[in-house]
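A single chain comes next, written as structure tokens; it is the form predicted on its own.
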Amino acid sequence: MTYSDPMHALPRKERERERHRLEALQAAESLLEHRLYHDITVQEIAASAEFSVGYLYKLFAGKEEIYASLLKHRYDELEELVTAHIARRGSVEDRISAVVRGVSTWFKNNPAFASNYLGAILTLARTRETIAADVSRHEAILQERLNALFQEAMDEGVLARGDPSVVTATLRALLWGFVARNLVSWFDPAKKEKWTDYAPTIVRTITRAFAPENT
């Protein structure tokens, strides 16, 4: 888990506050690697971050805001990763492969996101409008980026012409199958480095399932 600090241009006190917020998020995510969201307390997050409970409440309104911030942080990261791979130089086939490999590796490095955020944590999105809006925005951006990539592949004859959102939905289903297959081992450091890389298989499945009819 690596967190960058985009606030380097802020005054020192604000930089320190942001650094402490990121440390609290890292502590919360570390707890998520072994526990479920509903079982974790603010006191445990504070202790893991080596902050007092009072100081943690100065950084966040409560546990819900901590995990909402963590959800946003990880979604921002995933969005940036997908956008960067799509925008890189190379053929459309290479960029599709880069996206699949990048996303699958990212999930491997963030198993708590896979097991908690897209399960129990998203329960918050159904009950809190601000969280739901943020999740919906990220999902729409990812959908738009992937649709554009697959539309380009269709325009170049790499994929058969059709609705690119169908290819996007298929890719996401394959990725989630991959995540489910590997998730348990990702929480075991000894097994994590021996994970099965399904990226080439996923790419082959996509390109063959949606191949132009004359190929």
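This one's a predicted model, so the numbers in the text were calculated from it and none came from an experiment. One rule holds for the numbers: they count along the sequence shown, beginning at 1.
The discussion below concerns the form predicted in complex with the DNA, not included here.
What is the one choice in His34, Arg172, Arg161, Lys58 with a heavy atom within 4.5 Å of the DNA in the model of the complex? It is Lys58 that has a heavy atom within 4.5 Å of the partner.
Single option in Val53, Ala148, Val184, Val166 placed near the DNA in the model of the complex, where near means a heavy atom within 4.5 Å: Only one option qualifies, and that one is Val53.
Although the DNA is absent from this view, report whether Ile40 comes within 4.5 Å of it in the model of the complex, heavy atoms only. Contact with the DNA, yes.
Give a yes/no on whether Gly177 approaches the DNA to within 4.5 Å in the model of the complex, heavy atoms considered. So Gly177 does not count as contacting the DNA.
I'd like to check something about Gly62: if you look in the model of the complex, is any of its heavy atoms closer than or equal to 4.5 Å to a heavy atom of the DNA? It does: once the DNA is placed as it appears in the model of the complex, Gly62 has a heavy atom within 4.5 Å of it.
Within 4.5 Å of the DNA in the model of the complex, counting any non-hydrogen atom, which residues from 95-114 show up? Read in sequence order, no residue approaches the DNA (within 4.5 Å, in the model of the complex).
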